[in-house]
Every structure is written in C-alpha cells, then in structure tokens.
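Let's start with one chain on its own, the form predicted on its own, as structure tokens.
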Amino acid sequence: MTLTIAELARALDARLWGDGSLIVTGAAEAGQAGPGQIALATSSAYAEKLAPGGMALLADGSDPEALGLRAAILVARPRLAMAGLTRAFDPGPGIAPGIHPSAVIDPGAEIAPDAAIGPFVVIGAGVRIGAGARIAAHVSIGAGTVIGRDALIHPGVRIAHDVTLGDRVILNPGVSIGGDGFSFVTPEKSGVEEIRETLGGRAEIRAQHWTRIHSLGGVEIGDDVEVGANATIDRGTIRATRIGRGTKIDNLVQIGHNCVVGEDCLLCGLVGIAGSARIGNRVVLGGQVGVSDNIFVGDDVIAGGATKIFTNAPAGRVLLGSPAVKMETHVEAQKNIRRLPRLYAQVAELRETVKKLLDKDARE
C-alpha cells in the first residue's frame, strides 16, 4: 500500500506537520528508515536516532523542525497510533479469493460466497463459515463447527468438531481448538485425590490405572478474540470451554477443559490454565503464569510473569511470585532475602562478641 503522509495522518486522526505530499510506502524503526518509510520515534530516545530529511511518527510536544524532518505525524498516544499505522501497511496472509480446487469440503457445509478457502483445507459436515472469512492452507475444521464473519484462520490450524468461533476471530499458525481435555480417573481413589485431602500424607502406595473421561462439550470463542501460534484450547467435558469477547491469547498458551475466560483478557506466552478454572474480565496474566484447576481469578487481576496462582484471587489484586501473593509483599520478601547474608554476618559477629564477653567474665 502507498499513500501520502497527509492521508495517513487523517487515517490516524492525528496532526500533520510539514510536507503532506510525501509518499509513505512502509514503516521502520528510528535510524533504520529508508526512502518512503516513516520512522517510528515514539520517545525522545528514539527521536535522537532520526536522520535529517526524513519523516516520522512523533509524540505530541516534539519539535520536527529541530529534528530536521521534512514531515511528521504528531500523536497523543504513540503506541496506539502504531496500531493504526501497522494495520494500514499489513498485507495479510495473501489468501486468494474463492475456494482452492485442492480443498476437501463436505457437501453439507455452508460457506459464504465471499469466503476464501486456501489449498488443502478440509471442512467437515455441517460446518458453517461466515461472510468474509479467510481460511489459509492446511487448515482442518471438524463437523458442526461454526466460524463467524471476517474470521482469519492461518495455516495449519486444527479446529475440532462442535466449536463456535465469533466474528473477526484470528487464529495464528498451529493453533489447536477443541482437542480432548486431559481428564482421567482411577477405579479406586488415586494418590492425587488422597494428597489433595491430606496435603501430602499417603496411607499406602499402590498400583493405579487411568481411565479416560471423554470430552463431550465443545469450545465457544467470542467476537474479536485472537489466539497465538501453537496455543491450545481444550473442549469441555460436558459443558463448553468458553473464551470471552475481545480476549487476546499469546503463543503456546494452554487452556484446559471446562475453563471460562472472561472478556478483554490478556494471556501472555506460556500461560497455563488448568481445567475448570474461571478467569474474570480484563485479567492480565504475564508470561509463564500458572493457574490451578477449579479456582477463580477475579476481574481486573494482574499477575506478573511466572506467578503461580494456587487459590482464588480477589478482583483487582496485583500478584507476583510462587505461590502468588500481593506484588508489594513479594517485592519486600525478595528484598529481605537479599539482606540475609548481611544479617547472617551481623549475627555471627554478635555471637563472637558475646562469646568473648562470656569468656572474659569466666576468667574474672
């Protein structure tokens, strides 16, 4: 895509400075922009790297003239403006219109006339695909699944049977939706069940064999959800696993069977949510956060990276550590741990001083 910097400023609802006729063909980091590229200089540190004579996206309050620029777009919230700018220049996956002749589609499937279906896609019986949906190569879609309008399904995605995807859902390469939940039972009470009750004690250790509990529920994903590469969302045992509208899920996230994730959540890379956990609205879980099964994480909770949440978390709580505690509690505890060597040395010195005093008293 090519457009003038004036057109780009209007699209971003931002203020233009300088020559609005300059053609913009793409974007680059500050100091790396070539001909036709607008440099992203969203802070003073980046602005210092700008080459004179170019064009840039700047924060309000910057001085384009002092930076030697020919043109600039000034915005109140640069990172938000970057969302619009990158969207304008993203060509997308390039899925050709229509249905590729190598696709295998059950006669009972319903596909909107303007949907695009790529090579080697397999679509099962009773599948419904909405208007404007784009399905890339090597995607498989199980029977009875419904995909909403303007969905974008990248290569290699696996969608099982009886899954519902809302409008504008994006699934990145390798995503798996609707695999069986990890749910097994033993004929007698298992060691796991026993230690849940005793918190560690075991009466005896005996052989045990696992029997699968089959997953009859589906997966329901709301509008505007995005799922990162190689993430997995398991189907429910009886009721569906549910992901709320607007939630964004990063690469390699695992969401177990029966989980309910609220709206506008942010689940970062390598998050693991065990079966039947409930996550409220607007929850942010940093990378490698773990959530135990059958617990509730309240609305607006934020958990820092590698936090392990073993018990219910009240709404609005900011958590860190393993086990999860209030962030300020964890930070103070870490400070105290770092002070331990100094404290040990002080105690050893005090002990030696007391010993010398006692020895002196004994001699006298």
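For the two forms, the rigid core is made up of the largest set of C-alpha atoms that agree within 1.5 Å on superposition. In this text, residue numbers run from 1 along the sequence as written. These figures come from a predicted structure and were not determined experimentally.
We do not show the form predicted in complex with a further copy of the same chain, though everything after this point is about it.
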_179, 250 and 336 all contacting a further copy of the same chain in the predicted bound form, non-hydrogen atom within 4.5 Å_ = yes
*Does residue 150 make contact with a further copy of the same chain in the predicted bound form, using a 4.5 Å heavy atom cut-off?*
no
*asked:* Against a further copy of the same chain in the predicted bound form, would residue 266 count as a contact residue? Criterion: heavy atoms within 4.5 Å.
replied: yes
_Can you tell me if residue 53 lies within 4.5 angstroms of a further copy of the same chain in the predicted bound form, counting non-hydrogen atoms only?_
no
_Quick check on residue 290: any heavy atom within 4.5 Å of a further copy of the same chain in the predicted bound form?_
yes
*Out of 77 to 95, which residues reach within 4.5 Å of a further copy of the same chain in the predicted bound form, heavy atoms considered?*
77, 79, 80, 82, 83, 86, 87, 89, 90, 91, 92, 93
*Does residue 13 count as moved between the shown form and the other one, where moved means a C-alpha shift of 2 angstroms or more after fitting the rigid core?*
no
*If you line up the core, does residue 345 shift 2 angstroms or more at its C-alpha between the shown form and the other one?*
yes
_residue 23 C-alpha shift between the shown form and the other one of 2 Å or more, rigid core reference_ = no
